[in-house]
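Heads up, the chain below is alone and in the form predicted alone; it's given as structure tokens.
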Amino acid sequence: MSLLKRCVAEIIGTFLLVFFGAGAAAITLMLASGVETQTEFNIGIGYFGGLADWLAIGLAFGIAIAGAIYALGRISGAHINPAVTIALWASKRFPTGEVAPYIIAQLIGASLASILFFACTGPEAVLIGGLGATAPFHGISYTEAILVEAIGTFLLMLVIMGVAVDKRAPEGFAGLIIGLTVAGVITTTGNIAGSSLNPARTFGPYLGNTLLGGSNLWEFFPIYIIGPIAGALIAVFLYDWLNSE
């Protein structure tokens, strides 16, 4: 399979993740618009049922990710996440020359998703929903946000290694298990720092907000680079150590 076709697959896969996943977060905020929240920790998400809202958002991400893996995994591997690509490269499972094209494709897919989500839903998607952009919630420090993103991505990458990368993994379960893992992580950690687990997932809504007149959240972007990449790297090397002779 040519690099071009694999990059197009990465664009499509990351598009699906952000359009339906981040889109679900934006829709939740739009539904809760104008309703008084009980605490500063609650910015709209959670009003309709607390963790039930985050479970719904997590499932939207999980189903989109599972669909992308089953549809596109045989073409590009369905990384759809720069942290995954970097971790596979660092462990010598992915060629150096293809890292940048994959990451660029993922960023393009995420950006197109945010812009087209706005085209489908109108200004409220930006002004109220923030295009589903991630940011630390009330009382969460920069360091705490990085830590929770690292922990969440650590679990995600560990599962990817076990069900998708390891040749001993049973066939046919990767998409389902990875999708459910993402849903579970988001349900628990979404109300801490947004549970991005993916630099591209945060980049797309941030760029969309910048282009379409939304909030400027770029000061938080390093959280969603450092946390996910650190978590993915720790997971891949720990997995290799655990499986070494």
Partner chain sequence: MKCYICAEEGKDSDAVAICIVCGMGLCREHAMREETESWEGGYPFPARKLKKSIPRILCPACYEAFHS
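Residue numbers count along the first chain shown, from 1. The shown structure was predicted, so the numbers you read here are calculated from the model rather than taken from an experiment.
One more form of this protein exists, namely the form predicted in complex with the partner chain; it is left out here, but the text below deals with it.
The chain is drawn here without the partner chain; in the predicted complex, the stretch among 130-138, 145-153, 113-121, 170-178 whose residues come within 4.5 Å of it by any heavy atom is 170-178.
None of the heavy atoms of residue 104 is located within 4.5 Å of the partner chain in the predicted complex. Residue contact with the partner chain in the predicted complex: residue 78 places a heavy atom within 4.5 Å of it. At the 4.5 Å threshold, heavy atoms of residue 86 stay clear of the partner chain in the predicted complex, well away from it. Though the partner is left out of this view, residue 165 does reach within 4.5 Å of the partner chain in the predicted complex, counting heavy atoms only.
Site annotation in the predicted complex: the residue of 29, 69, 185, 60 reaching within 4.5 Å of the partner chain with a heavy atom is 69.
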